[in-house]
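Coming up is one lone chain in C-alpha coordinates, specifically the form predicted alone.
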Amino acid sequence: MTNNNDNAERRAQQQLITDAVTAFARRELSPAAMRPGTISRKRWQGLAELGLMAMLLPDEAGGLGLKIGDLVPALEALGKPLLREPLVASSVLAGSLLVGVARNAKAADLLEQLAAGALLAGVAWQETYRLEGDHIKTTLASDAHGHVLSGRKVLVVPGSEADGLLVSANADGKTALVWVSVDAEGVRAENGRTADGGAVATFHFDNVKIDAADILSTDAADVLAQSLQVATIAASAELLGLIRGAMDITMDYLRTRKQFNKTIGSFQSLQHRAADLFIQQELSAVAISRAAADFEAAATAQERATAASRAKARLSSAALIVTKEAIQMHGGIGYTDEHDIGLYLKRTLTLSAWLGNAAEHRARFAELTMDEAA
(Lines give C-alpha, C1' and ligand atoms only; values in the text may rest on other atoms or scores of the structure.)
Protein backbone atom coordinates (compact mmCIF):
# COMPACT_ATOMS: atom_id res chain seq x y z
CA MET A 1 0.00 0.00 0.00
CA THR A 2 2.87 2.37 0.81
CA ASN A 3 4.39 1.93 -2.65
CA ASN A 4 1.04 2.65 -4.30
CA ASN A 5 0.63 5.79 -2.20
CA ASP A 6 4.16 6.91 -3.01
CA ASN A 7 3.59 6.32 -6.72
CA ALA A 8 0.31 8.23 -6.65
CA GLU A 9 1.95 11.12 -4.82
CA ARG A 10 4.80 11.18 -7.32
CA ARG A 11 2.43 11.17 -10.28
CA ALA A 12 0.46 14.04 -8.72
CA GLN A 13 3.69 15.98 -8.21
CA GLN A 14 4.76 15.36 -11.79
CA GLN A 15 1.38 16.57 -13.02
CA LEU A 16 1.68 19.81 -11.04
CA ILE A 17 5.12 20.43 -12.50
CA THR A 18 3.97 19.60 -16.02
CA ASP A 19 0.92 21.86 -15.73
CA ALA A 20 3.12 24.79 -14.66
CA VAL A 21 5.60 24.12 -17.47
CA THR A 22 2.79 23.79 -20.04
CA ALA A 23 1.36 27.14 -18.96
CA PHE A 24 4.82 28.71 -19.28
CA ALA A 25 5.26 27.16 -22.73
CA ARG A 26 1.97 28.60 -23.94
CA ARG A 27 2.99 32.08 -22.77
CA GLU A 28 6.64 32.14 -23.72
CA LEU A 29 7.40 29.52 -26.38
CA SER A 30 6.49 29.18 -30.02
CA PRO A 31 8.18 28.07 -33.24
CA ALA A 32 8.68 31.77 -34.03
CA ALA A 33 10.94 32.08 -30.97
CA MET A 34 13.33 29.60 -32.63
CA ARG A 35 13.92 31.76 -35.68
CA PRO A 36 16.22 34.46 -34.21
CA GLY A 37 18.76 31.78 -33.19
CA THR A 38 19.63 33.52 -29.92
CA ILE A 39 19.00 32.55 -26.32
CA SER A 40 16.63 34.68 -24.27
CA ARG A 41 18.00 35.30 -20.79
CA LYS A 42 14.48 36.28 -19.77
CA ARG A 43 13.15 32.85 -20.76
CA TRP A 44 16.17 31.21 -19.13
CA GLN A 45 15.33 32.99 -15.89
CA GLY A 46 11.68 31.97 -16.31
CA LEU A 47 12.70 28.31 -16.59
CA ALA A 48 14.69 28.68 -13.37
CA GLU A 49 11.73 30.26 -11.59
CA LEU A 50 9.70 27.17 -12.48
CA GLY A 51 12.26 25.16 -10.52
CA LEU A 52 13.50 23.24 -13.56
CA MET A 53 17.17 24.08 -12.94
CA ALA A 54 16.89 22.76 -9.38
CA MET A 55 14.80 19.63 -9.98
CA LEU A 56 17.65 17.14 -10.22
CA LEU A 57 19.87 18.88 -7.67
CA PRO A 58 19.99 17.33 -4.18
CA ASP A 59 18.48 19.06 -1.17
CA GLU A 60 21.87 19.95 0.27
CA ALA A 61 22.72 21.83 -2.94
CA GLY A 62 19.53 23.87 -2.74
CA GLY A 63 17.69 21.62 -5.18
CA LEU A 64 14.43 19.69 -5.12
CA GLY A 65 16.03 16.25 -4.97
CA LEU A 66 13.84 14.78 -7.72
CA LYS A 67 14.72 12.11 -10.31
CA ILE A 68 15.06 12.08 -14.08
CA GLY A 69 11.60 10.53 -14.45
CA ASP A 70 10.13 13.63 -12.80
CA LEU A 71 11.80 15.90 -15.35
CA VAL A 72 10.83 13.86 -18.43
CA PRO A 73 7.20 15.13 -18.70
CA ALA A 74 8.36 18.74 -18.29
CA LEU A 75 10.95 18.38 -21.06
CA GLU A 76 8.32 16.83 -23.29
CA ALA A 77 6.03 19.82 -22.66
CA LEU A 78 8.85 22.24 -23.48
CA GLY A 79 9.92 20.36 -26.61
CA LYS A 80 6.43 20.40 -28.10
CA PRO A 81 6.33 24.16 -28.92
CA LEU A 82 10.12 24.15 -29.55
CA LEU A 83 12.63 25.34 -26.95
CA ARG A 84 15.58 27.47 -28.03
CA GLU A 85 17.18 27.65 -24.60
CA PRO A 86 19.66 24.79 -23.95
CA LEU A 87 17.99 23.40 -20.84
CA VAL A 88 19.42 19.90 -21.27
CA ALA A 89 22.94 21.00 -22.23
CA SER A 90 23.38 23.89 -19.81
CA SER A 91 21.28 22.72 -16.88
CA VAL A 92 20.77 18.95 -16.86
CA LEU A 93 24.23 17.99 -18.11
CA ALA A 94 26.13 20.80 -16.41
CA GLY A 95 24.12 20.41 -13.21
CA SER A 96 24.70 16.66 -13.03
CA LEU A 97 28.44 17.23 -13.41
CA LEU A 98 28.51 19.85 -10.69
CA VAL A 99 26.48 17.66 -8.33
CA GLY A 100 29.05 14.91 -8.83
CA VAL A 101 31.84 17.17 -7.60
CA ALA A 102 29.73 19.29 -5.21
CA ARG A 103 32.19 18.95 -2.32
CA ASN A 104 34.35 21.40 -4.24
CA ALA A 105 33.70 25.00 -3.09
CA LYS A 106 33.75 26.39 -6.64
CA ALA A 107 31.32 23.70 -7.85
CA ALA A 108 28.95 24.50 -4.99
CA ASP A 109 29.01 28.18 -5.94
CA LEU A 110 28.35 27.37 -9.60
CA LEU A 111 25.48 25.08 -8.60
CA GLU A 112 23.88 27.89 -6.64
CA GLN A 113 24.12 30.20 -9.65
CA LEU A 114 22.79 27.48 -11.95
CA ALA A 115 19.74 26.78 -9.79
CA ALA A 116 18.93 30.51 -9.69
CA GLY A 117 19.12 30.85 -13.47
CA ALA A 118 22.09 33.23 -13.17
CA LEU A 119 24.50 30.91 -14.99
CA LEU A 120 24.53 29.65 -18.57
CA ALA A 121 27.18 26.94 -18.65
CA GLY A 122 28.64 24.94 -21.51
CA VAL A 123 30.08 21.45 -21.14
CA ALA A 124 33.18 20.92 -23.28
CA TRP A 125 33.73 17.16 -23.26
CA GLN A 126 33.67 16.07 -26.91
CA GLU A 127 36.81 15.94 -29.06
CA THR A 128 35.49 14.07 -32.10
CA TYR A 129 32.19 14.15 -33.96
CA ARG A 130 31.00 10.81 -32.59
CA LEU A 131 30.54 8.97 -29.34
CA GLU A 132 33.94 8.16 -27.95
CA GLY A 133 35.64 6.30 -25.16
CA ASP A 134 38.00 7.59 -22.49
CA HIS A 135 40.58 8.99 -24.91
CA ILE A 136 40.91 12.66 -23.94
CA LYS A 137 43.70 14.57 -25.67
CA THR A 138 43.03 17.89 -23.95
CA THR A 139 45.53 18.09 -21.10
CA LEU A 140 45.73 19.73 -17.70
CA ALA A 141 49.40 20.01 -16.83
CA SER A 142 51.11 21.34 -13.73
CA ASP A 143 54.41 23.14 -13.48
CA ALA A 144 56.20 25.49 -11.13
CA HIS A 145 53.93 28.34 -12.22
CA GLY A 146 50.61 26.53 -11.71
CA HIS A 147 48.17 24.67 -13.93
CA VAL A 148 47.80 24.95 -17.71
CA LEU A 149 44.99 23.70 -19.98
CA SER A 150 45.70 22.86 -23.62
CA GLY A 151 43.59 21.19 -26.29
CA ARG A 152 40.43 21.42 -28.36
CA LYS A 153 36.74 20.62 -27.77
CA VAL A 154 34.04 20.43 -30.43
CA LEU A 155 30.24 20.76 -30.52
CA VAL A 156 30.07 22.86 -27.36
CA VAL A 157 26.55 24.13 -26.69
CA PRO A 158 25.66 27.03 -26.39
CA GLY A 159 28.97 28.16 -27.85
CA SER A 160 30.15 31.66 -27.03
CA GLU A 161 26.78 32.49 -25.47
CA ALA A 162 27.89 30.51 -22.41
CA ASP A 163 29.19 32.32 -19.33
CA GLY A 164 31.81 29.66 -18.82
CA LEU A 165 32.77 26.09 -19.61
CA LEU A 166 33.10 22.84 -17.71
CA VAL A 167 36.04 21.25 -19.50
CA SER A 168 37.21 17.64 -19.25
CA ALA A 169 40.95 17.10 -19.51
CA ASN A 170 43.58 14.41 -19.12
CA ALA A 171 45.53 14.97 -15.91
CA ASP A 172 48.21 12.30 -15.45
CA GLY A 173 45.98 9.63 -16.95
CA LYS A 174 42.83 10.62 -15.07
CA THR A 175 39.87 12.73 -16.19
CA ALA A 176 39.95 16.16 -14.60
CA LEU A 177 37.10 18.66 -14.68
CA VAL A 178 37.90 22.37 -14.70
CA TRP A 179 35.93 25.61 -14.92
CA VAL A 180 37.07 28.05 -17.60
CA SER A 181 35.67 31.46 -18.47
CA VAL A 182 34.93 31.82 -22.19
CA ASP A 183 36.86 35.10 -22.26
CA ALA A 184 39.94 33.80 -20.42
CA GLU A 185 43.30 34.46 -22.04
CA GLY A 186 44.20 31.64 -24.42
CA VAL A 187 40.60 30.58 -25.07
CA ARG A 188 39.55 30.87 -28.72
CA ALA A 189 36.14 30.00 -30.10
CA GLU A 190 35.22 29.01 -33.66
CA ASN A 191 31.54 29.86 -33.68
CA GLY A 192 29.03 28.01 -35.80
CA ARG A 193 25.34 27.22 -36.14
CA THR A 194 23.49 23.95 -35.82
CA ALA A 195 20.83 22.86 -38.31
CA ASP A 196 18.15 24.58 -36.23
CA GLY A 197 20.10 27.85 -36.07
CA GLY A 198 21.35 27.40 -32.52
CA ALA A 199 24.80 28.42 -31.31
CA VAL A 200 27.62 25.89 -31.18
CA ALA A 201 31.38 26.29 -31.07
CA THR A 202 34.72 24.58 -31.24
CA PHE A 203 36.89 25.85 -28.40
CA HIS A 204 40.68 25.94 -28.53
CA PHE A 205 42.62 26.15 -25.27
CA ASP A 206 46.15 27.44 -25.80
CA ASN A 207 48.07 27.18 -22.53
CA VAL A 208 45.18 28.58 -20.53
CA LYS A 209 46.16 29.28 -16.93
CA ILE A 210 43.84 27.53 -14.48
CA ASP A 211 43.58 28.58 -10.83
CA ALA A 212 43.67 25.73 -8.35
CA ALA A 213 40.20 26.76 -7.15
CA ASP A 214 38.82 26.19 -10.66
CA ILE A 215 39.93 22.55 -10.73
CA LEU A 216 36.65 20.92 -9.73
CA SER A 217 37.89 17.33 -9.80
CA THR A 218 40.95 15.34 -10.79
CA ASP A 219 39.04 12.06 -11.10
CA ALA A 220 35.73 12.80 -12.83
CA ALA A 221 35.47 10.00 -15.41
CA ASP A 222 32.56 8.22 -13.70
CA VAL A 223 30.76 11.50 -12.96
CA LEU A 224 31.09 12.57 -16.59
CA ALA A 225 29.83 9.21 -17.89
CA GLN A 226 26.76 9.21 -15.66
CA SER A 227 26.00 12.87 -16.39
CA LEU A 228 26.05 12.13 -20.11
CA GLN A 229 23.56 9.28 -19.59
CA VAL A 230 21.21 11.57 -17.66
CA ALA A 231 21.45 14.18 -20.42
CA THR A 232 20.85 11.52 -23.08
CA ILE A 233 17.54 10.53 -21.50
CA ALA A 234 16.62 14.20 -21.06
CA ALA A 235 17.35 14.91 -24.73
CA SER A 236 15.20 11.91 -25.67
CA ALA A 237 12.32 13.38 -23.64
CA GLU A 238 12.61 16.66 -25.54
CA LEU A 239 12.54 14.66 -28.80
CA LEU A 240 9.22 13.15 -27.74
CA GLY A 241 7.90 16.69 -27.35
CA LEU A 242 9.07 17.48 -30.89
CA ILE A 243 7.23 14.42 -32.18
CA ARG A 244 4.01 15.48 -30.47
CA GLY A 245 4.33 19.05 -31.73
CA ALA A 246 4.96 17.97 -35.32
CA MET A 247 2.04 15.52 -35.12
CA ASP A 248 -0.36 18.21 -33.87
CA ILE A 249 0.56 20.60 -36.68
CA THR A 250 0.27 17.86 -39.29
CA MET A 251 -3.07 16.53 -38.06
CA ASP A 252 -4.47 20.06 -38.02
CA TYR A 253 -3.29 20.54 -41.61
CA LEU A 254 -4.92 17.29 -42.72
CA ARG A 255 -8.20 18.37 -41.15
CA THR A 256 -8.27 21.81 -42.78
CA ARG A 257 -6.49 21.53 -46.18
CA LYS A 258 -8.96 20.78 -48.95
CA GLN A 259 -8.47 19.20 -52.33
CA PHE A 260 -11.24 18.20 -54.74
CA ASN A 261 -13.67 19.75 -52.24
CA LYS A 262 -12.61 17.29 -49.54
CA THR A 263 -10.25 17.63 -46.61
CA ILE A 264 -7.09 15.73 -47.45
CA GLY A 265 -7.37 13.91 -44.14
CA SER A 266 -10.25 11.94 -45.62
CA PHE A 267 -7.92 10.35 -48.20
CA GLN A 268 -7.17 6.78 -47.20
CA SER A 269 -3.52 6.88 -48.18
CA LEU A 270 -2.89 9.84 -45.89
CA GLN A 271 -4.87 8.21 -43.09
CA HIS A 272 -2.58 5.17 -43.29
CA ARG A 273 0.52 7.37 -43.18
CA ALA A 274 -0.87 9.31 -40.23
CA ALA A 275 -1.57 6.05 -38.41
CA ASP A 276 2.04 4.97 -38.91
CA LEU A 277 3.25 8.23 -37.39
CA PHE A 278 0.89 7.85 -34.45
CA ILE A 279 2.39 4.40 -33.77
CA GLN A 280 5.88 5.95 -33.79
CA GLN A 281 4.70 8.56 -31.29
CA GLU A 282 3.17 6.06 -28.89
CA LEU A 283 6.10 3.64 -29.06
CA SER A 284 8.40 6.56 -28.31
CA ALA A 285 6.34 7.58 -25.29
CA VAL A 286 6.57 4.07 -23.87
CA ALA A 287 10.30 3.88 -24.63
CA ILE A 288 11.21 7.07 -22.77
CA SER A 289 9.01 6.18 -19.80
CA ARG A 290 10.58 2.73 -19.53
CA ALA A 291 14.11 4.09 -19.99
CA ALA A 292 13.67 6.65 -17.21
CA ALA A 293 12.31 3.99 -14.85
CA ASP A 294 15.12 1.56 -15.70
CA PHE A 295 17.72 4.30 -15.26
CA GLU A 296 16.42 5.15 -11.80
CA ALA A 297 16.39 1.48 -10.79
CA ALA A 298 19.80 0.69 -12.30
CA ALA A 299 22.42 -0.68 -9.96
CA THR A 300 25.41 -0.39 -12.32
CA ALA A 301 26.87 2.06 -14.82
CA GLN A 302 26.29 -0.49 -17.58
CA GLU A 303 22.58 -0.67 -16.79
CA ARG A 304 22.30 3.12 -16.83
CA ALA A 305 24.12 3.36 -20.15
CA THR A 306 21.90 0.64 -21.62
CA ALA A 307 18.73 2.49 -20.62
CA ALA A 308 20.02 5.78 -22.05
CA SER A 309 21.12 4.26 -25.36
CA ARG A 310 17.83 2.40 -25.78
CA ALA A 311 15.89 5.64 -25.34
CA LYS A 312 18.08 7.75 -27.62
CA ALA A 313 18.14 5.15 -30.40
CA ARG A 314 14.35 4.90 -30.42
CA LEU A 315 13.58 8.62 -30.03
CA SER A 316 16.19 9.85 -32.51
CA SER A 317 14.95 7.45 -35.16
CA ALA A 318 11.24 8.08 -34.51
CA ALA A 319 11.62 11.87 -34.46
CA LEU A 320 13.35 11.87 -37.82
CA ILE A 321 10.70 9.58 -39.31
CA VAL A 322 7.84 11.73 -38.02
CA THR A 323 9.26 15.14 -38.92
CA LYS A 324 10.42 14.09 -42.39
CA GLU A 325 7.03 12.53 -43.12
CA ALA A 326 5.29 15.61 -41.73
CA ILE A 327 7.13 17.74 -44.30
CA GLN A 328 5.94 15.39 -47.05
CA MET A 329 2.34 15.46 -45.86
CA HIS A 330 2.33 19.25 -45.96
CA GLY A 331 3.23 19.15 -49.63
CA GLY A 332 5.13 22.07 -51.15
CA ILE A 333 4.35 24.45 -48.28
CA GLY A 334 6.23 22.19 -45.89
CA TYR A 335 9.50 22.94 -47.69
CA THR A 336 9.25 26.71 -47.27
CA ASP A 337 11.29 28.50 -44.62
CA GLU A 338 8.18 30.33 -43.47
CA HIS A 339 6.24 27.26 -42.40
CA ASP A 340 6.69 26.09 -38.80
CA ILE A 341 6.85 22.40 -39.67
CA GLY A 342 10.30 22.89 -41.16
CA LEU A 343 11.57 24.14 -37.81
CA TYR A 344 10.56 20.84 -36.23
CA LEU A 345 12.67 18.93 -38.74
CA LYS A 346 15.64 21.24 -38.23
CA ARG A 347 15.41 20.96 -34.45
CA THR A 348 15.13 17.19 -34.75
CA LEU A 349 18.20 17.01 -37.00
CA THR A 350 20.17 18.82 -34.30
CA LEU A 351 18.85 17.07 -31.20
CA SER A 352 18.79 13.56 -32.69
CA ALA A 353 22.51 13.80 -33.47
CA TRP A 354 23.59 15.47 -30.23
CA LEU A 355 25.05 13.03 -27.66
CA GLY A 356 25.01 10.34 -30.32
CA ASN A 357 22.61 9.53 -33.13
CA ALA A 358 20.37 6.48 -33.46
CA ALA A 359 22.98 4.33 -35.22
CA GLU A 360 25.64 5.08 -32.60
CA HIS A 361 23.33 4.26 -29.73
CA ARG A 362 22.09 1.05 -31.36
CA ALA A 363 25.71 -0.02 -31.72
CA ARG A 364 26.46 0.86 -28.10
CA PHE A 365 23.31 -0.89 -26.89
CA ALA A 366 24.37 -4.04 -28.75
CA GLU A 367 27.84 -3.86 -27.23
CA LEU A 368 26.49 -3.30 -23.72
CA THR A 369 24.03 -6.19 -23.91
CA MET A 370 26.24 -8.66 -25.77
CA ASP A 371 27.55 -10.22 -22.57
CA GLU A 372 23.99 -10.66 -21.25
CA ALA A 373 22.91 -12.39 -24.47
CA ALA A 374 25.86 -14.73 -24.28
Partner chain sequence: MTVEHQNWNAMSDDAFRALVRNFFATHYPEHLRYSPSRRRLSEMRGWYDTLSEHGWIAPAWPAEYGGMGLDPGKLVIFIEEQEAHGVARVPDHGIIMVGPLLIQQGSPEQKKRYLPKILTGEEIWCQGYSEPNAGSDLASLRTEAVLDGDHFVVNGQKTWSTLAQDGTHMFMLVRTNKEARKQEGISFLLVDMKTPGITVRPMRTLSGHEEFCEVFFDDVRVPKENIVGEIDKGWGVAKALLSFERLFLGSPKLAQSALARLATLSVLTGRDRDPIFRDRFAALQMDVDDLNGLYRRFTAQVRDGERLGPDVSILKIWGTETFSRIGDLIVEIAGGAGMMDGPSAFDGGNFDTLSTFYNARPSTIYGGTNEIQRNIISGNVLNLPSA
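Here the structure is a predicted model, which means the values were calculated and not measured. Positions refer to the first chain, counted from 1.
Same protein, other form: the form predicted together with its partner chain, not shown, and the subject of what follows.
query = For this chain shown on its own, do 265, 280 and 336 all sit within 4.5 Å of its partner chain in the model of the complex, going by heavy atoms?
reply = Heavy-atom distance to its partner chain in the model of the complex: all three under 4.5 Å.
Can you pick the stretch from 25 to 33, 338 to 346, 40 to 48, 53 to 61 whose heavy atoms fall within 4.5 Å of its partner chain in the model of the complex?
Selected stretch: 338 to 346.
*asked:* Contact with its partner chain in the model of the complex for residue 195, defined as at least one heavy atom pair within 4.5 Å: yes or no?
replied: Flag for residue 195 set to yes.
**Item:** is_contact(residue 18, its partner chain) in the model of the complex, heavy atom dist at most 4.5 Å
**Value:** Residue 18: no contact with its partner chain in the model of the complex.
| field | residue 212, heavy atom within 4.5 angstroms of its partner chain in the model of the complex | value | Flag for residue 212 set to no.
**Request:** Indicate whether its partner chain has at least one heavy atom within 4.5 Å of a heavy atom of residue 13 in the model of the complex.
**Result:** No, residue 13 is distant from the partner.
- May I ask you to choose, among 174, 188, 273, 106, the residue with a heavy atom within 4.5 Å of its partner chain in the model of the complex? Checked against the cut-off, the match is 273.
| task | Any residue of 290 to 319 with a heavy atom within 4.5 Å of its partner chain in the model of the complex counts; write them all down in order. | result | Contacts from 290 to 319: 290, 310, 313, 314.
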